[in-house]
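Presented as structure tokens, the chain that follows is alone, the form predicted on its own.
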């Protein structure tokens, strides 16, 4: 009898503090987390995850769950700065970060035409994207971010279909040292070698893919 009561109490306690499940990701995305400061992602990133580039809110649809979780953790730790995301990330639990990152990764990515390095580049943006400028130690973007900038694994996010405003803003942040949450300052090195014209051009190029 005692054993039965113990199991019943344990079950009730577990129900009261039930952990966040993987399928709670959509709820967190659309309604927010349990803490008041954990605002719903949909507010800025929209229902389809494509974001609002005019407001600086990026497309996160179909990004690697590992990459997305790392960015939220970096906002939470303060190693990546953003006045909107930092308090939201701080209010999310580890389980909520994991669940919502997996949900965002499940959202549909845009279809992107295959563009390889064999293509003759047209314009400054495409030249940097698929050829780089090795005379200034600037590798082509697709070397790390994959053909057409579709993203590779957890370290290199998609560029294709991302907003031009967001891409340019991030490149300037790497350039100025206000963003530095990458490994070995790889993006900082690249961004510091780019001119403002090149930043604008390559951001516009990738933003035009997958539309």
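Numbering follows the first chain given and starts at 1. On a predicted model such as this, the values are computed, not experimentally measured, just so you know.
There is another form of the same protein, the form predicted in complex with a small molecule; it is not shown, and what comes next is about it.
Here the marked residues 76, 103 and 151 all miss the small molecule in the model of the complex; none has a heavy atom within 4.5 angstroms.
Residue 35 falls outside the set of residues with a heavy atom inside 4.5 Å of the small molecule in the model of the complex. Residue contact with the small molecule in the model of the complex: residue 124 places no heavy atom within 4.5 Å of it. None of the heavy atoms of residue 147 is located within 4.5 Å of the small molecule in the model of the complex. When contacts are judged by a 4.5 Å heavy atom cut-off, residue 88 counts as touching the small molecule in the model of the complex.
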